[in-house]
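Shown here is one chain on its own, the form predicted alone, set out as structure tokens.
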Amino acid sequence: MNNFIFQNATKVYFGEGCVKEYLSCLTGPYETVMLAYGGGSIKRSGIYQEVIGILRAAGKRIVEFPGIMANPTYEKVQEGAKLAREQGADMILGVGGGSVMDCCKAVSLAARYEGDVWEDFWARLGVIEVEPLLLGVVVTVAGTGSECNGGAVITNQEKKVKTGRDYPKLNPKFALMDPTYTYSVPARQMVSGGFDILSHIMETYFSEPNEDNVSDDIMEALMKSVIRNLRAAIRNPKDYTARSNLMWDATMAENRVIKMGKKCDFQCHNMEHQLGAYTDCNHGQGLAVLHPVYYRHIYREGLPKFVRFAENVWEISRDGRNDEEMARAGVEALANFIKEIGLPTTLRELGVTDKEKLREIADSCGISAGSYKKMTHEEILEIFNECFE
């Protein structure tokens, strides 16, 4: 395995009833809590009423920061930071999925930083020397794994750039994870989040080193878990076992454990982020469209790993296939799974209709140093065109 340093500062409280049991004591020392959430789904599900009831019973002054969108913008980050400063927030409590958590991390930094956080920390990698505003999260959607890392994906609409950075200092102090909170998530959103989990694992798995390593072994088990439990959750949205497994799969995919000793790819994420910056498409759905096509472009360069993927994750038997045929069979098994769970398979299905715009989007994509095959902007355009319809 490659050398690494591991750090994770988030304390997790996991299981049914954990919010009722722990939220009051976790917010105990803080008088003014900025409650951040998205478009109102937590009100329809009753989660908002439960959380705000606990905070009120604990005597907290509550400042609400609603309306965090699916692809949080830098403008929204600035709005949240301004509100936190003006209201003297002692902490942020983000209630929602990855978008809410990502936005809150950026807000926690912007509220304490006097400069331009986009230019200094997202446009380029920076060093955080201030102490961000304390952040805790209540997870309502299994997908991004944002609850146990310092990563935040933010869209700068003016510059048409969507990018993520992971700063350990932005890790939430605590994460409350009640799988029953995910029951009310619409089926399509649940499936999109589930595929995002799988994507995070694949982006790490399909990278060097290829030699036997602990991270790859863990990832194969996690991928099988996501596939099995996503199928179960589709059959029964209130299957607690499936929902709890998916929730922890998401955390394990992005709490840095499986990335240890790995080079990591994330070229598909780079491409999807720019699609999102230009079209505001759903993240998990965009990844579902891109992954099989991207892997058809790179599997020969990573042949041993793609063979292993076919054998150990999809349990495809040789039946006379050579290595290339096995690798291709694994990619096609992934493509078939995407169709099985009802995710889109073309950019048109995502609402992308302007084919001429694909050149500009392709040229704006970052190039991953961790890919088995170094992409060019020309090949990224080829992939977009193949994904179009």
Ligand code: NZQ
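These figures come from a predicted structure and were not determined experimentally. Residue positions are given as counts along the sequence shown, with the first one as 1.
Just so you know, the form predicted together with the named molecule exists too; it's not on screen, but the next bit is about it.
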Completion exercise
The stretch from 192 to 200, 77 to 85, 109 to 117, 292 to 300 that lies within 4.5 Å of the named molecule in the model of the complex, judged by heavy atoms, is 192 to 200
Exercise for the section: Sort through 249, 102, 265, 216 and report the residue having a heavy atom within 4.5 Å of the named molecule in the model of the complex. Expected result: 102
Fill in the blank from the handout: the named molecule in the model of the complex has a heavy atom of only one listed residue within 4.5 Å, and of 229, 244, 274, 149 that residue is 149
Problem - 4.5 angstroms heavy atom contact with the named molecule in the model of the complex for residue 68 - result: yes
Exercise for the section: Determine whether any heavy atom of residue 47 comes within 4.5 Å of a heavy atom of the named molecule in the model of the complex, and answer yes or no. Expected result: yes
Handout entry: Proximity of residue 41 to the named molecule in the model of the complex, heavy atoms at 4.5 Å
Key = yes
Exercise for the section: Answer for residue 304 alone: is it within 4.5 Å of the named molecule in the model of the complex, judged on heavy atom distances? Expected result: no
Practice task
Select from 229 to 268 the residues with a non-hydrogen atom within 4.5 Å of the named molecule in the model of the complex and write them out in sequence order.
Solution key: 254
